[in-house]
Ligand SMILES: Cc1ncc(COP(=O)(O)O)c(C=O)c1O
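We begin with a single chain expressed as structure tokens, specifically the form predicted alone.
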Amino acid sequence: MERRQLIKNSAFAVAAFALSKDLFAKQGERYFSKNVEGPNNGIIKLSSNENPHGPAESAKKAMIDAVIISNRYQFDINTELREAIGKLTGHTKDNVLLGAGSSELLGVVTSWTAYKKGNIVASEPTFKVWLPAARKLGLPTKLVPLTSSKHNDLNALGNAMDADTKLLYLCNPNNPTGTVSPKSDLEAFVKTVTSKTILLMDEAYTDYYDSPSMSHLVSSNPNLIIAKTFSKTYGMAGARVGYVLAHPDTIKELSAFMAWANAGPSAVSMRGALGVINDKAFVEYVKAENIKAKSILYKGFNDLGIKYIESFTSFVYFDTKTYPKSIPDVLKANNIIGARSFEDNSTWLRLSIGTVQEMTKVVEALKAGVTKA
């Protein structure tokens, strides 16, 4: 890349990220209660799909030990983590780009796409924390409704693309619906879309049920980008460690839109990620507890006649139409926050899955809410 072009890219990236960072922060403010002080304050928080069990002891010990080296830059550690991620996923470090959670990297891809100029195609509803930044950067976005079963409509998404489409974003399993597309359909979709444009697949929740990942295709496909995170099954949402997997050439292009590639996570956070990345026992525990807690909520919904979608994630999408009161209000009266809508004029809400004890309290509150005047 010529020096003049590199300077132009860097200036664009700085401006874009100053804007994106502000927009991401404002979007995030909507998800949290402003009245809660302290870590919990007796509140059960089920709004952000956080892992209620983490971080693992392996991560905590590694982070505590790393505090003493946090006066040093993390050059060696980010290389070590990229190598570990490559080993875990069947790639090399050159296929990996690190960020402060996958959200930062969605912002990087958004800035990269804005530089190319064109439009973005995505589902509606889906994870859209990146969308305000995209619009501010001049990227019109075509939003494609889900199917009647709340799945990503792969055919409709493909048909929505045109000659100006520079990126198609697909969250699988989808957030907020918890639905997943079959592997064969996804592989065909990847082939079709990437023959025309960039496909960004957000796979934040694949680990909960070993849902099909398309990461095995990135080494031979420069138009495929896979976003993953340590925030969910690994329980490190606050530590902010995410990554994308892509062809080495694509990683280089994305890196040009970062002030310093791979510098998003701190040395302490990356040590935590290295500590937990091979902690299979912890991940299996998280997955098993998620299933137990979810089954309690499902049974409660069945008892109350509430329709829901069986989820492949750490949250559940459900229809409140048959419940006689406002479910968010009933839960808030019992110090439980998080049930919220993602669709205009819809009775469907999403609720994150907490511990077994927390989901028991959710069901108790909903049942009591029906009987109280």
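Just count from 1 along the sequence shown to find any residue number. Bear in mind that the values here come from a model prediction, so they are computed numbers and not experimental data.
The form predicted in complex with the ligand exists for this protein as well; it is not shown, and the discussion that follows is about that form.
Exercise for the section: Decide if the three candidate residues Arg82, His91 and Asn95 all line the ligand in the predicted bound form, where lining means a heavy atom within 4.5 Å. Expected result: Judged in the predicted bound form, none of Arg82, His91 and Asn95 sits within 4.5 Å of the ligand.
Exercise for the section: Report yes if any heavy atom of Gly101 sits within 4.5 Å of a heavy atom of the ligand in the predicted bound form; otherwise report no. Expected result: So Gly101 counts as contacting the ligand.
Problem - in the predicted bound form, Leu297 touching the ligand (heavy atom, 4.5 Å) - result: Output for Leu297 is no: heavy atoms all beyond 4.5 Å of the ligand.
Practice task
Flag Ala204 as yes or no: does it have a non-hydrogen atom within 4.5 angstroms of any non-hydrogen atom of the ligand in the predicted bound form?
Solution key: Result yes; Ala204 sits at the interface with the ligand in the predicted bound form.
Handout entry: Heavy atom of Asn152 within 4.5 Å of the ligand in the predicted bound form
Key = Close contact is absent here: in the predicted bound form, Asn152 is far from the ligand, nothing within 4.5 Å, heavy atoms only.
Problem - Residue among Leu139, Val109, Cys171, Val286 with a heavy atom within 4.5 Å of the ligand in the predicted bound form - result: Comparing distances to the ligand in the predicted bound form, the residue within 4.5 Å is Cys171.
Handout entry: Contact assignment for the ligand in the predicted bound form, among Thr233, Thr250, Asn175, Asn290, heavy atom within 4.5 Å
Key = So the residue touching the ligand in the predicted bound form, by this definition, is Asn175.
Problem - Partner-proximal stretch of 204-212, 188-196, 67-75, 270-278 relative to the ligand in the predicted bound form, 4.5 angstroms, heavy atom - result: Contact criterion met by 204-212 only.
Handout entry: Those residues of 133-165 which, in the predicted bound form, come within 4.5 Å of the ligand by heavy atom
Key = The stretch does not touch the partner at all.
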